[in-house]
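Okay, so we've got a single protein chain in two different forms coming up as structure tokens, structure 1 first and structure 2 after it.
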Structure 1
Amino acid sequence: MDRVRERESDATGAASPTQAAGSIKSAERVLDLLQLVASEPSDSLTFSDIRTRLDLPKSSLHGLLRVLTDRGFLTLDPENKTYRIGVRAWQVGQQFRFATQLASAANSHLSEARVELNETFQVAILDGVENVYVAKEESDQPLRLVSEVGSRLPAYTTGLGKVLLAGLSPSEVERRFKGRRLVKFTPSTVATREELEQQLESVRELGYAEDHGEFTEGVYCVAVPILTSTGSTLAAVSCSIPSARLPDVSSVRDQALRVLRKCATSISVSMGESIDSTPAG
């Protein structure tokens, strides 16, 4: 999971040595801290870990951590002196209704889906050029894909992501990828912008996307969109299957697609009236 840098580097190549204009140092740092602590496993971040990771002066960091802990956005585990995300941060996050509504709409349908096909199902939304996992239901087989709700992956490397990207117009896709390099995570990762656009076009026609170990080798994945009543793509559901369990791709795919399509429309219905907006930029 650490193959992807967490903070996507600035598209505005000009990395001034001093500071990006219009930025506020301690505001940025607060967010850096929250994201850093959120990105690491629970009991791993001690004071000096943070200090080295973010390269902040000791005294400055102390002040910031004080503010964050005093207000309950972080907590300091007194045992091993590690910092974690606190209640207040969770509370704030709960108000991102788009994710919470989607997750609660999806959960029951995902477990139904898994009853029909015992593999890992996931729901994700699009944020920029990345897909963000919002809900999941894991297969109970010993060999299975495990994932984290809240994690994000480059959209062009996953079936889920391709479905989400296919929901955008080609020009919008163009805009979002402008100036970005397509990192090759595995041999089968999409390599060029052209190849991506071709694949997206085919996704738009077929109504589903696949990926053959394009981010994680040995995992096959099919995904379909979750549409609003007006036909715009709200999110996507996917089914991930270890290639080892995949003697005959096409037959499994058809079965998975049947389950996924049912699941997607169910979720779409459950979301029903509670649609407010599309995910962030």
Structure 2
Amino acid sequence: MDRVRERESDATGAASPTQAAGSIKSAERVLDLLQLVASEPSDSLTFSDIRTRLDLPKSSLHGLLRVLTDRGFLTLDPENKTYRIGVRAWQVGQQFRFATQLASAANSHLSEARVELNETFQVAILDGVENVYVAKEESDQPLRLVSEVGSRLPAYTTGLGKVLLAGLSPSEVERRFKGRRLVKFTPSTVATREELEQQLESVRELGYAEDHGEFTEGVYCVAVPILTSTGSTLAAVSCSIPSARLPDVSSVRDQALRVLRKCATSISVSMGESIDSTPAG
């Protein structure tokens, strides 16, 4: 009887549970593969490298790579047999216009903020439980934060990420972190979900978040939200300062917050959202 039902399902075009599970697994493998190659800065991943990193069967990986290269999502260097992201992936990425528009709107205002404090300013958006950097203006001081546009970090470890997470409801934060373990990168990293929720509640009340070396030791970061006209969090902007240049955190924080709030409002206006991002109180 079960076999009859399965055949009936196939006849109507609906996938059987087994087929659906297989399709989902294949889709996950494709996305894992693309993310792996995209995250490799040296463009030097061989077949063996990919197979080791993703732990995929040899035959399955051959098939996935063949399809992705044939469709232009990956490119194979014929000389050294390494893979890199192809032009079709770039074309698809260009359709995510929000990040491009945000970066374009932010750049001049980040530059103005950097002139005022000569520290590193960054803008990020939230992707799941990670913050993704979309724009950056770097300090010209010898000692400064090193980061890249396009990179991502666990949101609970950064000032930017905490601002973005605080823009979600507590129930949504709980949903996103369900089943996830909070990894400690430094002694200052948030250790538990309860501690994280306490910090996010404080961020909601204060209107800003701080990061005291929670992903990178020796770096202090303060961040504020970039809000829409309805008050929802669109993105976040931060100022990062090496702890060695912080004789008094509170005075530097207040100065940075003034510049950040001005910058956040200007970015919002440039994005077509005429708002005041300074939190009440």
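Each residue is numbered by where it sits in the sequence of structure 1, with counting from 1. Whichever C-alpha set is largest while still superposing within 1.5 Å between the two forms counts as the rigid core. Here the structure is a predicted model, which is why all the values come from computation and not from measurement.
J.: Would you indicate whether the form predicted together with the DNA is structure 1 or structure 2?
T.: The chain shown as structure 1 is the form predicted together with the DNA.
J.: Core-aligned, is the CA shift for Gln35 between structure 1 and structure 2 2 angstroms or more?
T.: True for Gln35: a C-alpha shift of 2 Å or more.
J.: Is the shift of Ile85 between structure 1 and structure 2 large enough to count as movement, that is, does its C-alpha move by 2 Å or more after the core is superposed?
T.: Result for Ile85: yes, a 2 Å-plus shift.
J.: Rigid core aligned, does the Cα position of Ala244 differ by 2 Å or more between structure 1 and structure 2?
T.: Ala244 C-alpha, core-superposed: shift of less than 2 Å.
J.: State the core-superposed CA shift for Leu54 between structure 1 and structure 2, in Å to one decimal.
T.: So the C-alpha of this residue moves 5.3 Å.
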